[in-house]
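First, one chain by itself in structure tokens, the form predicted on its own.
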């Protein structure tokens, strides 16, 4: 533990030194962190981000991408983003919820009933602005969204109805909304970081998890879980967040470049995502994974009463909840 702390401190000092280096001496190092492998759409999006910044800003910035949780779990790296030690991060809204309650809106189960409505909503720049209302206080700002598709259940035993979830231990992303959702389904919520899920499944710590199809292939969860159920309970984006401390430290013209780079990354990630999901499903089938389509109304009705409770507990998200609900109705 002490060694980890020392290494963390050393990294922080090295990064701060690089960021504060004079342009005449060296390029400013910009670090980007994410939890996925290098073939994942998130990484492809950030490669587009890097190329755009380095093309538009000349030789001012050296953009470095750290995939596969190299710099740590998202919750830990978000603290480094707030400090300006890491400059950009792709992080699920569920992981941000404990830092700022407004982000909890995307964890509300069945907020969207179609992926088309969800994608249209999260790609609006004004939605990122509304999410970032507390950016100065939070220490980070939402600059764009990566789609993470639809979250569904996968497990070691088939899930064909809500009753099949009863008493089972399922990994959820950190955040009170996810715990409340799993409890409403009748399962036992087990929050843990993404990188810990494979071994937890192997060792029987959990019976299953909930995510998109790429978790089966990229993270090899399909080696342990052979049943994937399309219930579509959540659509939570991975947001591209930037350090407000870093962005305020650079010229406005450069801030504009980084904001534009986030939009370029968003477009590249969405394109890569739609292509990759179809491939992942076929790949998972070859791993022996079976896919089930279920009566989503049964699952939805089980957790709909949560909406009122969640809004009561978290009034900060009410305005965005209403906006998302209206958008969903208009774009079903």
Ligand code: GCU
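Numbering follows the first chain given and starts at 1. Predicted model, so just to flag it, every value in this text is computed and none were measured.
Missing here is the form predicted in complex with this ligand; even so, the following discussion is about that form.
Is there a non-hydrogen atom of residue 173 within 4.5 angstroms of a non-hydrogen atom of this ligand in the predicted bound form?
Although this ligand is absent here, residue 173 would touch it in the predicted bound form, with heavy atoms inside 4.5 Å.
Please tell me whether any heavy atom belonging to residue 258 falls inside 4.5 Å of a heavy atom of this ligand, as the geometry stands in the predicted bound form.
Residue-level check for residue 258: no, no contact with this ligand.
In the predicted bound form, does residue 212 come within 4.5 Å of this ligand, counting heavy atoms only?
Taking the distances in the predicted bound form, the answer for residue 212 is yes, it comes within 4.5 Å of this ligand.
Contact flag, residue 231 vs this ligand in the predicted bound form, heavy atom cut 4.5 Å:
So residue 231 does not count as contacting this ligand.
Contact stretch among 102-110, 183-191, 120-128, 148-156 - heavy atom within 4.5 Å of this ligand in the predicted bound form:
Heavy atoms within 4.5 Å of this ligand in the predicted bound form occur in 148-156.
Sole residue of 132, 95, 244, 217 within 4.5 Å of this ligand in the predicted bound form, by heavy atom:
It is 95.
From first to last in sequence, which residues of 218-257 have any non-hydrogen atom within 4.5 angstroms of this ligand in the predicted bound form?
Only 238 sits within 4.5 Å of the partner.
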